[in-house]
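Shown here is one chain on its own, the form predicted on its own, set out as structure tokens.
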């Protein structure tokens, strides 16, 4: 399925249709699964939900998986199950705001570490500082589908006897030392929002864990704290995954490895074609012997980011900024905790320089060539 279509404008010149930055995928087998679920399964709590949980747990290599209404709910309920109320948890300021919000939803307080320059994850020296000050947990984010250096975090977790919760919402199928992310920490959260590497074509999430007590508690919290049809012994929420969404997710899971391989192929093309610009742009971290990313985003760094973004937009190439505002500089966090500019300089600089290029499995080789050529043309233009 190609996203570039040659068109003729009124003057007879060849133009291109827009190249999307991300692309939710809906194929006939997903439509069939949704219709079958509508006709033959319960709308809420159906067989497709249980099978999706089983299949996802098996894929990740975890004992348990609990399907939820969003990735945010997945993070929220993990921290509720861990009882972080009144405690501090170290996390990154470089993520979507839900990562840090989840700690507050559970009654805890997020404390931030700046990013590492190597993988945009947590600076372990700053994590150590917060643990020495009494923080009781670590929430790393596998940002952009790039697995964190889990060994260094596990060393700290073991030394200070604190749990590690993985935010794997952007990293379905990524691996660290041969293990899928989502099987490394005490628990992990995934999101199935439409832009993710796999989706349920709506909001959806999943908790994975090897801890039976966490799985049971999360299952109870998502269903209003229910112990039986009419009994409830804890304060819960209504945050179940709909059966039709689960049916779609089951089909998407079957395609995930194939789609991730295509993302890696696209990333390799970008790396190769943009290599000669390495003095003008920063390329994202790539695979190593330990790390197998899935390139949820392909994020470059460039000082005149907005100028390049505007140029590519004129050429029909959609790009996004993930993220223009670090979490600590969101109005909510400034008002609550008094954060100021300059407190996490590496994250703040990345916010000014990052640009997400088109990245999804249905980009054609021609698309990738065109994007790369136009980036090269931009630098030729500004240097002439």
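Numbering follows the first chain given and starts at 1. A quick note: this is a predicted structure, and the numbers were derived from the prediction, not measured.
Only in words, not in the display: the form predicted together with a small molecule, which the text now covers.
Shown alone here, residue 241 lies farther than 4.5 Å from the small molecule in the predicted complex, counting heavy atoms only.
Within this chain, residue 356 is remote from the site of the small molecule in the predicted complex, having no heavy atom within 4.5 Å. For residue 70, a non-hydrogen atom is located within 4.5 Å of the small molecule in the predicted complex, even though that partner is not displayed. In the predicted complex, at least one heavy atom of residue 191 sits within 4.5 Å of the small molecule. Comment: 169-177 is the region of 273-281, 169-177, 252-260, 106-114 lying near the small molecule in the predicted complex, near meaning a non-hydrogen atom within 4.5 Å.
Using a 4.5 Å heavy atom cutoff, 141, 196 and 323 all lie near the small molecule in the predicted complex. Taking a 4.5 Å heavy atom cutoff to the small molecule in the predicted complex, the contact residue among 120, 150, 311, 96 is 96. Taking 204, 293, 185, 137 one by one, only a single residue has any non-hydrogen atom within 4.5 Å of the small molecule in the predicted complex, and it is 204.
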